[in-house]
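There is one chain below, alone, in structure tokens, taken in the form predicted alone.
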């Protein structure tokens, strides 16, 4: 990127980024800078908000350019890898059969395939704690459902190809659902409300329905305590 790639307005700057590694480095650098009032990231871009009363747009562009061109490697940090329990029970995986047929797999083989994949969190967005994941292996395009659902339960895991997601709250959605985790993706009472963070490595571990209910009941009990 260059300064010419930056789009500027009265109190916002935005810049496209080439790849995930570049994006993660830029995000880490900008979030350490107190002069940015807000840092908003996308899959291939980053935007920052500044206070025009504190620094001029030209000063903001200079600072932004420096951070994008020379991000500190140390600032990228390393999130602890996480293994997310996932239940592939048909009730929690309404598109399992459809996905299996699309992938040319049996339903059981689909579970083994999916739980053997490794992912990295690219960003959080759409709603608090909603995680977008990038698979580390190449996957053929699956696409979205022909008709979105009005309600996808929290914890549902969707996949459309290389990209996957985990729903943090009940919401409408059009991603094919392959399973559901009993873990709470977002809890405002935790020190870190979001379970996942950008650049974190993620894999899924199959659990049966009984294990799902046990973990879910424990979490619900802790919430009501």
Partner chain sequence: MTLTVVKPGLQTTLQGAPFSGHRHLGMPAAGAADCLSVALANRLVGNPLDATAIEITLDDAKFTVGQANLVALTGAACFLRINGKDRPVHSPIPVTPGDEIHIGPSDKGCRSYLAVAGQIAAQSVLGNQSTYLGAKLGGYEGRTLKTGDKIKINEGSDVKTSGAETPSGLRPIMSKGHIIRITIGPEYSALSHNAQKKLFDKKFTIGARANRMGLALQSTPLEQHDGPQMKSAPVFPGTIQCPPDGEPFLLGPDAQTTGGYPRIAQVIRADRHLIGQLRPGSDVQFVRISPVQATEIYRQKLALLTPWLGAVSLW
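Bear in mind that the values here come from a model prediction, so they are computed numbers and not experimental data. The term rigid core refers to the maximal set of C-alpha atoms that superpose within 1.5 Å between the two forms. Residue numbers count along the first chain shown, from 1.
Here the subject shifts to the form predicted together with its partner chain, a form of this protein not shown in this document.
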Exercise. Wondering, does residue 127 line up within 4.5 Å of its partner chain in the predicted bound form on heavy atoms?
Worked result: yes
For this session: State yes or no: in the predicted bound form, is some non-hydrogen atom of residue 50 no more than 4.5 angstroms from a non-hydrogen atom of its partner chain?
Result: yes
Exercise. Counting only non-hydrogen atoms and a 4.5 angstroms cut-off, does residue 65 reach its partner chain in the predicted bound form?
Worked result: no
For this session: State yes or no: in the predicted bound form, is some non-hydrogen atom of residue 181 no more than 4.5 angstroms from a non-hydrogen atom of its partner chain?
Result: no
Exercise. Is it true that 156, 211 and 214 each have at least one non-hydrogen atom within 4.5 Å of its partner chain in the predicted bound form?
Worked result: no
Problem set entry | Heavy atom within 4.5 Å of its partner chain in the predicted bound form - qualifying residues of 166 to 198 | 169, 186, 188, 193, 194
For this session: Answer yes if the CA of residue 11 moves 2 Å or more between the shown form and the other one after aligning the rigid core, and no otherwise.
Result: yes
Exercise. When you overlay the rigid core, is the Cα of residue 175 off by 2 Å or more between the shown form and the other one?
Worked result: no
Exercise. Once the two forms are fit on the core, has residue 28 moved its CA by at least 2 Å between the shown form and the other one?
Worked result: yes
